[in-house]
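Single chain ahead, written as structure tokens, the form predicted alone.
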Amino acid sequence: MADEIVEVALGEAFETTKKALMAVGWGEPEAAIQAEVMVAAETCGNNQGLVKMYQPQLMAPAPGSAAPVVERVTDTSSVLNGMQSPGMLALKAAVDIAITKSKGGVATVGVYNTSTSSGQLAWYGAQAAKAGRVVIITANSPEFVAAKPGAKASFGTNPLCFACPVEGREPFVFDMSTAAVALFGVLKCKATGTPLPEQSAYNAAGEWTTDVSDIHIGGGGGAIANFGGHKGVGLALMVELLCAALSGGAVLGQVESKKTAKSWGHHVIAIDPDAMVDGFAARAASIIQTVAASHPEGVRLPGDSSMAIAKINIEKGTIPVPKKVWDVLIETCAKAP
């Protein structure tokens, strides 16, 4: 049976999440950034939200972690050593650097040595687009996803995000996992007692399953599937090459496993459209409006659903949260020193 859902005020969700993060060891500034990213995801119905706190000990600072350090600097590129900080902190720093460096051109920033997920890439993409940039962001993670039925897991859920400014509306943001279901989608199914989506995972025998306990994240020997057959595998491989081989993250075949190496990678490419064309935001608006109007009933575009859900939640001032997740947050706050 699916778990109960509770409605939580937006401000309360942020403050409680921040307090829970501080209870597991984070300072107020670092906790606030992570809480903002997670609550924003929950607000638009993305599964990278508060479910991250379902096992709060996994969100605690890694042993020896420190603030990210910039390495290998050029005028148009940087590499950021995450110093075992969370992906959410390191990626925000990387996107901020990319926005600044790309003024008048193009910049790329790689990130390695982060210890946890960066969360919803759309949040960072929107920040860059609101700053006037066209941006491509990718992220890899440990071995959760198998390239075909019966194969060993090789990829993370390896999301990618494209975002750009659009005249007259919020930025266009396309954020997708190259897996058939995101890791925190799996954890949300586990937290709420609901089955996995059809044809999103394999059991240990390489057969389709909807039972979380059949895959290694749930205690079994199976794996998440890539979406879209060989096309999903190709995109996942592209993300792996950008985030591991190019950005310095743990490389398949060179480490025992990415999970034990604990060096997740990210890659950010930022473009200042003013360096290439006049009136980019208006040109982008024309394309998006034309595609949206290409069917009498309209065309659903990437980001439309998230924006609609966020608008509803912001207007009512609350977000729906699985009760099990919210109870864990409250319990974690109660343990604060």
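What you see is a predicted model, and the numbers here were worked out from it, not measured in a lab. So that there is no doubt, residue numbering starts at 1 and follows the sequence shown.
Not pictured, yet referred to below: the form predicted in complex with another copy of the chain.
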### Message
Please tell me whether any heavy atom belonging to residue 267 falls inside 4.5 Å of a heavy atom of another copy of the chain, as the geometry stands in the predicted complex.
### Response
yes
### Task
Using a 4.5 Å heavy atom cut-off, state whether residue 118 contacts another copy of the chain in the predicted complex.
no
### Query
residue 168: heavy atom within 4.5 Å of another copy of the chain in the predicted complex?
no
### Task
Spell out, yes or no, whether the shortest heavy atom distance between residue 155 and another copy of the chain in the predicted complex is within 4.5 Å.
yes
### Task
Could you tell me which stretch in 82-90, 123-131, 241-249, 188-196 has residues with non-hydrogen atoms within 4.5 Å of another copy of the chain in the predicted complex?
241-249
### Query
Non-hydrogen atoms within 4.5 angstroms of another copy of the chain in the predicted complex: do 46, 330 and 336 all have one?
no
### Query
Relative to another copy of the chain in the predicted complex, which residues of 61-100 have a heavy atom no more than 4.5 Å away?
72, 74, 76, 77, 78, 79
